[in-house]
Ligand code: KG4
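Before any questions on how it binds or moves, here is one chain, the form predicted on its own, in structure tokens.
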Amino acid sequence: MLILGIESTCDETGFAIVRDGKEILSNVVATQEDLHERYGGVVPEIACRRHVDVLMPLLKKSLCVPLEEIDAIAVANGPGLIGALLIGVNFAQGLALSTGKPLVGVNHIEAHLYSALMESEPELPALGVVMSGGHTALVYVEGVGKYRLIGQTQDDAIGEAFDKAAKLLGLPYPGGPHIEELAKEGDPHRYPFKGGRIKGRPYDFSFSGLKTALLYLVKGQNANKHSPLIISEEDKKNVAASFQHAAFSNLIEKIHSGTRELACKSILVGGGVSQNLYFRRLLEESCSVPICFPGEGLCLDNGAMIAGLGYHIFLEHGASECVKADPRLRIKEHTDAVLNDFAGAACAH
């Protein structure tokens, strides 16, 4: 079965054709880093205009087989930027209507989790870790479509925190790769940054305090984001290394705790931040269960993960009755007795 996947939740536009949920026949992505770099973050209106410009050219580029041979169309319908979602969903609806192909809506966060399954078959249940510019979440995964949200960020997502930290340090957008590169020459223990904790919610995240601590360190206690730096160029390396270490240590601590408490047999990691090699090394050195990372081209937003998960949704449920763009779309939780028991154990931790 061939599925055409369409992704447009933020600032990447992606099209892909995937056979039987696994075999990627094409996967093309248009990024917008050049457009948003001058602003230090994604500007929604600019992102939407670029989506409109590239949708049709990317569709044509992705069609490694005739459109008539496609069995169904899958589109990311949330969460994300409402304008970007509407553009992708409306395009997919028009394409489905004009070709007579069935259409399914796919949750973008669930697709990031599925991306780690496209090239591996780990033992389940697993702890899913979504880490991107817009989302940070821990998810108990019993199978495709069988999820339970364990924890999520209460403010900035981890990728967003890196972008904001980079901007404070005068580094380009997107911030994560630039902080990672600068941190290679720094001391990760030079400054005692700490990730936030949420009382009564041991698996939730908060990165806003970490970002504020960095602001006060590099610009002064009464400073704002526009104030000049008070640290040397050389010390930037130590700040970047310490910030990166604190953010990932906080995340990994909760990954370990969740894996142990929920008796998970593996870890699935998805999202753009999962490309960070320092994070991968820290996790692999400290973890006792197998870890599955997305393959090449599957970490950042892409159409292949949408098509892959869309295949399973279509097999189990058929075409969606109505696909609507939903910027606050939540993970559809599976509530069988086993998952409820595990979730109770997690809350009691």
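From 1 onward, residues are counted along the sequence shown. All of these numbers come straight from a predicted model, not from anything done at the bench.
From this point on, the text means the form predicted in complex with the named molecule, which you will not see here.
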Among the candidate residues Gln275, Ser249, Ser206, Asn238, which is the single one with a non-hydrogen atom no more than 4.5 Å from the named molecule in the model of the complex? Gln275
From the list Pro174, Gly258, Gly105, Gly88, which entry has a heavy atom within 4.5 Å of the named molecule in the model of the complex? Pro174
Please pick out the stretch from 265 to 273, 250 to 258, 226 to 234, 145 to 153 that is in contact with the named molecule in the model of the complex, where contact means heavy atoms within 4.5 Å. 265 to 273
Using 4.5 Å between non-hydrogen atoms, is Cys299 touching the named molecule in the model of the complex? yes
So, in the model of the complex, is Glu110 in contact with the named molecule at a 4.5 angstroms heavy atom limit? no
I'd like to know if Gly186 sits close to the named molecule in the model of the complex, meaning any non-hydrogen atom pair within 4.5 angstroms. no
Report whether the minimum heavy atom distance between Gly134 and the named molecule in the model of the complex is within 4.5 Å. yes
The named molecule in the model of the complex - contacting residues of 134 to 161, heavy atom within 4.5 Å: Gly134, Gly159, Glu160
